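Heads up, the chain below is alone and in the form predicted on its own; it's given as structure tokens.
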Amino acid sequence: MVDDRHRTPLANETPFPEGLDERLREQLTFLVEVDRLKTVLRQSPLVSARRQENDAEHSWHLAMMVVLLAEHSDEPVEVGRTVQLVLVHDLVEIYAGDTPLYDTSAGENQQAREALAADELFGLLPDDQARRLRALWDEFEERSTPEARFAKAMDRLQPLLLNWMARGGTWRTPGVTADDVRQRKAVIGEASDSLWKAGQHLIDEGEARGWSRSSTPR
């Protein structure tokens, strides 16, 4: 079932005073609303603390990865636009929730849930900015540009790093094998051959160390 309800924006809890410019009011309402991203928990464990990361932390980490790793893209990418893509890509999870990578049943209606969430969330903005952020979100989902492909690669590489540091992390999800991890992470190779080779090396070594299940008995 897709949840298509419209929620009361957080900004309504402490309404802005009269006299604000309407465009600015809409922008501030959206900025308050996206504070919800800090409460959306992901499955990946943090390296620096004994808890799961949240979506806001994840998005920040991706932005930093883009800045540092863009030189590894197989195609030239505009760093600024790619940063925008990774900052916007998970905002819809404020309403749609996080869908764990290895939860196939939860992924069945993910696209529909997130599209409705995008309509609702970006609709809080002035029309021109709503269209712009929705276009960025669609670009990321469709992987239609070099920037979107690299942004998606970062989205798959970042939890790989966290799971390596956790000596397994979500690789230990019941029923998930090392080959499942390879299949889910292969999208990295669509943007960067060198980063995918590095990712495969980490996955292979994790499997060898028993941090993930081998697909075939050893």
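All values reported here derive from a predicted model rather than from experimental measurement. One-based numbering along the sequence shown.
Keep in mind that the form predicted in complex with another copy of the chain is not shown, yet the notes after this line are about it.
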* Closest heavy atom of G80 to another copy of the chain in the model of the complex, within 4.5 Å or not? -> yes
* Answer yes if any heavy atom of L20 is within 4.5 Å of a heavy atom of another copy of the chain in the model of the complex; otherwise answer no. => yes
* To do: Evaluate Q129 for contact with another copy of the chain in the model of the complex, applying a 4.5 angstroms cut-off between non-hydrogen atoms, and reply yes or no.
  => yes
* M64 near another copy of the chain in the model of the complex, any heavy atom under 4.5 Å? -> yes
* Structure fact -> Those residues of 185 to 202 with a non-hydrogen atom no more than 4.5 Å from another copy of the chain in the model of the complex are L195, A198, H201, L202
